[in-house]
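First, one chain by itself in structure tokens, the form predicted on its own.
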Amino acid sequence: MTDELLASMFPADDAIPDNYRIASPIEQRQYLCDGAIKEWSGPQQDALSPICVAIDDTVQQKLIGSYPLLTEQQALEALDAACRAYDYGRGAWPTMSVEERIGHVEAFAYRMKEQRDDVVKLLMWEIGKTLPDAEKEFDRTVDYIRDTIDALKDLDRVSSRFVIEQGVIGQIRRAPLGVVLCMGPFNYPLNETFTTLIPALIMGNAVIFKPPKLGVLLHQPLLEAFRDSFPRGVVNTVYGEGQKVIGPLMKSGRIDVLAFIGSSRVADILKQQHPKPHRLRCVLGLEAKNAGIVLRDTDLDHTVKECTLGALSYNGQRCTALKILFVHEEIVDAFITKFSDAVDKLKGGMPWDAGVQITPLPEPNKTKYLTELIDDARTKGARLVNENGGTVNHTFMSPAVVYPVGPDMRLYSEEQFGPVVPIAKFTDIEEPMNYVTQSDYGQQVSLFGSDTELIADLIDPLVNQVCRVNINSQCQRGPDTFPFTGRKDSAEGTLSVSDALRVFTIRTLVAAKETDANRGIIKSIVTKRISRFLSTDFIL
């Protein structure tokens, strides 16, 4: 973008298309607890959009609403409600049949789809996600719910038979764990939250979920659907400052599962607050500094395309983004020329603008932090290699390509989580390999090249350092049926459609010695269908 376009990018309020305008701030005073949508009369937190509006001669972030700042009291009320709903595994929800629970989740998905337009609009305003990406996040979440239902049917079909081993009859199924605390990230506040919330729910757990600080309001249209689709207390929401509402939940010792997607620093704090850590199961999606390794025989045009998408989709604000590129010295100049041109062609603007790819950044002071990273690299010998790279206009930053980046620079090791792409050159393949090995993170890596033997040689050690090696393609989460996890400080537990069903449950069995009396008892229970666990019902 040129300096002139950057300077004039934020619209006046009356220039915003009617179907995307928020006419007046949304004052959310509702929260869901114990099967009721309750009203909050206490203090509120303003929700400022990353989208600024031009007012006279000034530019200001638009106030789009506010949400409740609940206290410890409301948090513990939500916990009490969840514990009552679970009732040590004796509640209606955990003892309900799989088929019945599926019916509740299907009812929720139907109600959820009715709120698509409102949720999509708030995804744009709250976190600056482009219209196509906001629509994709919503639709992908609905698809995830459907895929989860299908995966559970498959799992239950396999579990609907008896096993006889060494004179013992047994039926093995998966049972819920208890009360789950779900906390999603701002960059995918709907999808990533639901990739833990939905499997936790459908497997019979009771849930408390706290939306991220950025991306709170978009959950409001779904509160009634949650209330009407699930038994009392099975789903509860909390809002507010983490120390005031999450700390008390963890310190209570009554949280059985922590499903958290965010930073390892916060995850460590939360885990340490639990008085019985051996009873706490953690499902964590944390940081990543995914590297792209560009070999000298790569297809440059294809690699540039994949690296541009991989590094800068949603402004680089993805845990799976390519956060550093290692390029062989023989092609680094040609790569940088093509890559910088591709980056400069990315269209910046408002989320609803047609073809826009770079949008304002939602995190407070994010442009300041990214500028500090760039300045640090420049003082140590790197340079900005693309036109207008790093130029800031309030909450917007033009993507910056920084080269050459070395170990003494913050960009080399810090996860920038924004539109800054550090590039390092290498002579010996051991340089990027050592980087991956010594990194605190171990989520994914991308290899770009055509030498089959070299790629094979790299794959074997890399799969012992990261959990996904991408060949000639960007790092990514999908398809959702693939396992999504990480080594080191990048993750704990595995999320995919089928893995998530397992991570929120434990294998449990009913067993009996193979005697005539026991065979009769089991046959009677199954024939009369008087147990929901011990059953041979087959879900179609």
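From 1 onward, residues are counted along the sequence shown. All values reported here derive from a predicted model rather than from experimental measurement.
The same protein has a further form, the form predicted in complex with a small molecule, not shown here; the description that follows concerns it.
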Contact between Tyr188 and the small molecule in the predicted bound form at 4.5 Å, heavy atoms? yes
Hey, in the predicted bound form, is Arg477 touching the small molecule, heavy atoms inside 4.5 Å? yes
Would Glu192 count as a contact of the small molecule in the predicted bound form, using a 4.5 angstroms cut-off between non-hydrogen atoms? yes
Hey, in the predicted bound form, is Arg140 touching the small molecule, heavy atoms inside 4.5 Å? yes
Of the residues Thr320, Gln115, Ser252, Asn388, which one places a heavy atom within 4.5 Å of the small molecule in the predicted bound form? Thr320
Choose from 334-342, 312-320, 205-213, 434-442 the stretch whose residues reach within 4.5 Å of the small molecule in the predicted bound form, heavy atoms counted. 312-320
